[in-house]
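Here are two versions of the same chain, shown separately as structure tokens and labelled structure 1 and structure 2.
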Structure 1
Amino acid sequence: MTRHLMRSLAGSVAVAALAAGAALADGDKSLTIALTADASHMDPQAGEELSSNIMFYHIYDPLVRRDADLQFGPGLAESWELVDDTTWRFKLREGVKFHDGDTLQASDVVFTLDRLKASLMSNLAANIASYSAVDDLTVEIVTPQPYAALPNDLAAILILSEDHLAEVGDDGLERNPMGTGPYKLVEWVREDKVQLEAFDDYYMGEAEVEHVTFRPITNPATRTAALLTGEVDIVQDLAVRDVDRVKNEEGFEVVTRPSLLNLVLALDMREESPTIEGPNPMTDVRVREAMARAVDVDTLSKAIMNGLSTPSDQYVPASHVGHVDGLNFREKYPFDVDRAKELMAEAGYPDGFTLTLDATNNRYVNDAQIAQALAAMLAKIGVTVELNVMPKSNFWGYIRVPTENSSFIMSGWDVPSGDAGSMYGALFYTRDTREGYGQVNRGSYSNPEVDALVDKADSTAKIDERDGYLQEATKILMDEIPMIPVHYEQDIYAARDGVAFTPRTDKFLWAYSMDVAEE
């Protein structure tokens, strides 16, 4: 029995070796990419985190494609038009194939949206009121009010195959994902590897790199080692301390790119604040300005982020709708302790006050150290900051609106849809006045003007008008400082020479846009 078992094992090893050899003989290009974590899902409607998102965009496609620089263009939909203020008509590409050979139809899009509405990710479809298939290749989507950023939202909705789901069942997508994307799933061994293979019939042409393997390597030092030993070609999130080591090594390259994640400090604007005794000084804009001026972002960057952060100029990056060119928070409120002290005195708080900062210790790069540095900086203008640092699993519930525990919160915010509107609506709209607005307004900021501008932005179907309204809102927010923007983290990658790869702003590594030099 044992001998028999051993023989059959030896046989299968030989077969495996042969298969590997054959793949190489073909001259097929292959890439191995080390990620920080394994994907949790292959079902794009079951949840989202970065590793899963990376897999989703290899296997599935959205109607509207978002490129590496957050520009939006045709995806599965080749064109779209506004029929009236709230009705959009999307024309699907003809002859797009799913991996199983079926052709994409409008009914698949309708099915996808039906399923999405009932899923954990229903918030992706928050601005979709109804939808229907007009014919086989035309889908009509109606928004609850005029909404110019609908195409941006659609870039996050990945289209499923109705027939495939009928076949594998609602839970079957986890193990048998199938879409129209540039790669097919070959094998997913949890926590070990995800193997993908190029899809021959991809509608934009077959991918250059035939075989792609993603390997989750959580420990940063091991990721670096795996790159240096040649086990992987690209690593995500190269550890800051390894940057110089890899740069100095022959045959490797370090690539950085500012991320979309803006670290912001939310200031409580209520008359009374949970961690402050007596009336809340932060209701006075002079106090908020003083606090903004006390934060030295350059020192944070140098001392804590090893130079790998970009100070924020506004609440959203320059690529976004709603960003005002030439307006810079850092120039408006430069680091200036003396001026900050004057402002505190003018506001009637020459001796400062005491409050608690809530922050995470395992969510953002060096978050706990940043919180400590902020406490030291604010102490210079008399603001005593007590730190309340916790892991992210406790944090999100703790700071949840109506923020009964918090006065001062450090958290990150990113808007991959490339549009400030969703952020302003969620973070700055007066609480409890409109469904779906102000739900994350942690500081209870309230300004009817800002509310009106967000309303206007959300009731035009023209993107230019929307941009105009949101820019107005940006200007008001920069004057009133309901939040202090701090910095954008930088994404750091490393790759071996011969790999053509450009990081994306949204961090979604995409093998379809990569190439490997012929050996």
Structure 2
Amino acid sequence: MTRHLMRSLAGSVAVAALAAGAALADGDKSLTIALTADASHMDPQAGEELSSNIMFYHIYDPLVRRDADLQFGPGLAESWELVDDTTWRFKLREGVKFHDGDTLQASDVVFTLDRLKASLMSNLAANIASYSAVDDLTVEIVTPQPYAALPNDLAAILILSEDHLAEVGDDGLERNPMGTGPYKLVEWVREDKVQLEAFDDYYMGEAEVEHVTFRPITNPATRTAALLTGEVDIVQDLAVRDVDRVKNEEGFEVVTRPSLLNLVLALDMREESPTIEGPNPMTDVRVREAMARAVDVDTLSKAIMNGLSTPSDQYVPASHVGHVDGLNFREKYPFDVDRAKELMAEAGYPDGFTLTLDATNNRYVNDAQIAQALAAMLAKIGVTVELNVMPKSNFWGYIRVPTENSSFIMSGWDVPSGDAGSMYGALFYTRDTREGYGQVNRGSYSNPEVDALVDKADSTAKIDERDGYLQEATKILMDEIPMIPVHYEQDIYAARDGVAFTPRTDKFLWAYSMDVAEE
């Protein structure tokens, strides 16, 4: 059949990978992609992290599509309009098919939002007050107040089939996911492989690559070896120490691009903290500033990241709504051990204190090594850090809010919506005061002024006003330091000759935008 791909690789960063073995005997094209970890879920409302998100966007589709450069446009909805200050009307594409052959209807969108509101991911619908099916191809969504970012938010909500859920049930969706996406699940063997095949009736046209296998390979050295021996075609998160080695191998190429993922350190601000004996020193902003000044981001970049990281200037990148031009966390709180010691003494902790750092060992680039380095840096100002390092499969449940386990957490946060509001509403909004807000506020930070600014940002239909409110919130957060931003990773990929792909800003490896050279 003739396939058309509604995307272009022209002018993009293309990666070459070996064609030998990439095409099946019947002419079908295939790819094997190594990820750093297996998916946690196949149900897009059961939780999210990168490996799961990658699978979700192969199997399901949103109403609004986010492209590789964070531009938003039509997805399952071909168009939308703002009917009044709070009412949005979305027109669905006609004839979109689910993998089982059923046709997408507005009732499936309503069902998806009903289920989402009752799920662990209810925060995704925090700014949706009501919704209804006007007819089979029209959905109306009402926000609690004017809200400019609704279309961007909808890019994170993946549409389910009401009939399929009735058949398989909530538990069955993990084993038998089914959507309108470009690929169907063939097999998921946990911690071994996820096999997908192209969906012939995909509304954007059938994918060029018919068969895709994702293999979770947690060990960086093993991922590199799998690439060089031909077991896989593309590697996610090539180890920084292997970059030069792969570059020097004939038939392979390494591609990097700045990541959206901001590595951050969440500080517990409760009066009593689980791993600290006595009153919690981190309730004092001087202690938080001292800890920020003790983190040497340049050494982390050079010694651990091989230069493949960029120190964070704020909580979101300069491209995002809510970023303040000219404000730099590292200029405001430069690395200065002597000043950090003075601040500790001023706060009444000249001899420091002890706490535990919770971190992963297989989620972020060199995460375990970074945790060890942070412990050594903080020791210089008297803060004794005991490490609690674990696989990400255990980590997310361990630190889930509200947690009685954690005082100090190293994790990452990215904002593919291009808008700081979603991050601030989730991480910094006072917990248990507004439904759908503060659900990932791991440090129990609370500032009514920040809450009010987020509320104002979420109640205007004007992007420039929203930007202004969120910038004011950014300034307060930079002063109060509820979280220490560390660095943005560089996304590092390697591939074999013959495979063309363009790394996405959101780090989602999407096989639909890839191709394999014909033999």
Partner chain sequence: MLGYTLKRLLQMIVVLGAVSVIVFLMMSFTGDPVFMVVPIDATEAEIAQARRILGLDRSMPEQYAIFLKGMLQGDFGRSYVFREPALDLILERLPATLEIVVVAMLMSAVVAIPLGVYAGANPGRTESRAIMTGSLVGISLPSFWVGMMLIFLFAVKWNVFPSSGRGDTVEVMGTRWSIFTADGWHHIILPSLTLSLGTMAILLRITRAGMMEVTRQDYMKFARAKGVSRRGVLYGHGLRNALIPVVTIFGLQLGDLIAFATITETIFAWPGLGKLLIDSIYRADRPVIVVYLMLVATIFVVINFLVDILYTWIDPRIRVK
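Residue indices: 1-based, along structure 1. Because the structure is predicted, anything quoted here is derived from the model rather than measured.
Novice: Do you reckon the form predicted alone is 1 or 2?
Specialist: Answer 2, the form predicted alone.
Novice: Hinge check: of Q490, D242, A207, A292, which sits where one rigid part gives way to the other between the two structures?
Specialist: Only one option sits at the hinge, namely Q490.
Novice: Look at the chain as two rigid parts and give the angle between the two structures through which the smaller one rotates, in °.
Specialist: The rotation of the smaller rigid part against the larger one between the two structures is 26 degrees.
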